[in-house]
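First comes one chain, alone, set out as structure tokens in the form predicted alone.
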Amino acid sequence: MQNPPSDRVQLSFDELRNLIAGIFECHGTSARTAAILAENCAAAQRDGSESHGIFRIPGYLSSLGSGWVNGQAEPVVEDVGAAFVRVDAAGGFAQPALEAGRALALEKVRANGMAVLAIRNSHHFAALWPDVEPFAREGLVALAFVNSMTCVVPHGGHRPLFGTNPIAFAAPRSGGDPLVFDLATSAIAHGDVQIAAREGHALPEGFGVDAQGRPTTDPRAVLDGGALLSFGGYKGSALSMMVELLAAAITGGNFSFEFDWSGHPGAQTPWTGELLILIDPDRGASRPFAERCEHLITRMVEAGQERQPGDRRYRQRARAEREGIPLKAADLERLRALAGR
């Protein structure tokens, strides 16, 4: 193994996760919340999703410091139907609420073949694939929907209304790691726009507009009063609308345009909702779903699609497990300072 460049360091997953958990605890979260958020954040960094890794930590801390989000929140789980679980995140983060409702949701999907987990009064500021991948590793098909803050113009519109509104999907396969994808219904994730602005990169054409509604490739113009566009024109816009209804109207959460954080300077985490749909796929067919999934993948490869959804993350994950998670030395020092070390 080659030595990393002098401005880089390698950390194990446990080292990074524990450091991040210390940061969150130091800034007002409970130990339980800190551990869950740190697992998510470290996993994103490990798997190469830099826009949802340590890049997000300042936004978390700013929201906590502003009083916008409750880092000590205790989620309340409600059993409201044969296949329906509802969780009130109590103004806290969505991931602890998901963890709180997980056992009951699994009980229901095993008993009934499917389950819905509806999270409201929650903040979600992270990658969405970590919410669904664990269910696929238990043999389930999982879908997750989260709406966010208003920053996307609906197709044919003239001002932002929707959030980036991601969708995540995970399915088990018999011959490898689960198929997993996590995509924004906007042309680009908001975090990637922030990274492009920080690093001075232009956006592709058709991704955003400036404050006057004019097309722009300048990420700073998008962030400074501008907006994103949906991917695929009216198709992405329709999916974004669907996410608003699933993640907000069904859960009892806020639409992307319904919350007002103006009284909390520094707030960055959207206060919306999350919906998960879990399916036991073997209830629907005489042949094991994971084998059918593998058959489809074989045909996809034969058709020329060699890389499957999630493969790049898995390759980066394996490399990080062998060599460590690479960080800039300056970033590590900043993290240690935030943790009071």
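When you see a residue number, it is the position in the sequence shown, counting from 1. Please read these numbers as outputs of a predicted model, since none were measured by experiment.
The form predicted in complex with a further copy of the same chain exists for this protein as well; it is not shown, and the discussion that follows is about that form.
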Of Lys235, His264, Arg220, Arg137, the one that lies within 4.5 Å of a further copy of the same chain in the model of the complex (heavy atoms): Lys235
One residue of Leu203, Ala73, Ala227, Leu183 in contact with a further copy of the same chain, assessed in the model of the complex (non-hydrogen atom, 4.5 angstroms): Leu183
Partner-facing stretch of 50-58, 303-311, 64-72, 32-40, counted where any non-hydrogen atom is within 4.5 angstroms of a further copy of the same chain in the model of the complex: 303-311
Contact flag, Ala103 vs a further copy of the same chain in the model of the complex, heavy atom cut 4.5 Å: no
4.5 angstroms heavy atom contact with a further copy of the same chain in the model of the complex for Asp131: no
Partner contact for Glu107 in the model of the complex: a further copy of the same chain, 4.5 angstroms, heavy atom: no
Proximity of Glu258 to a further copy of the same chain in the model of the complex, heavy atoms at 4.5 Å: yes
Triple contact flag Arg86, His158 and Leu296 to a further copy of the same chain in the model of the complex, non-hydrogen atom at 4.5 angstroms: yes
Residues within 4.5 Å of a further copy of the same chain in the model of the complex, restricted to 211-245 and counted by heavy atom: Phe231, Gly232, Lys235, Gly236, Ser237, Ala238, Leu239, Met241, Met242, Glu244, Leu245
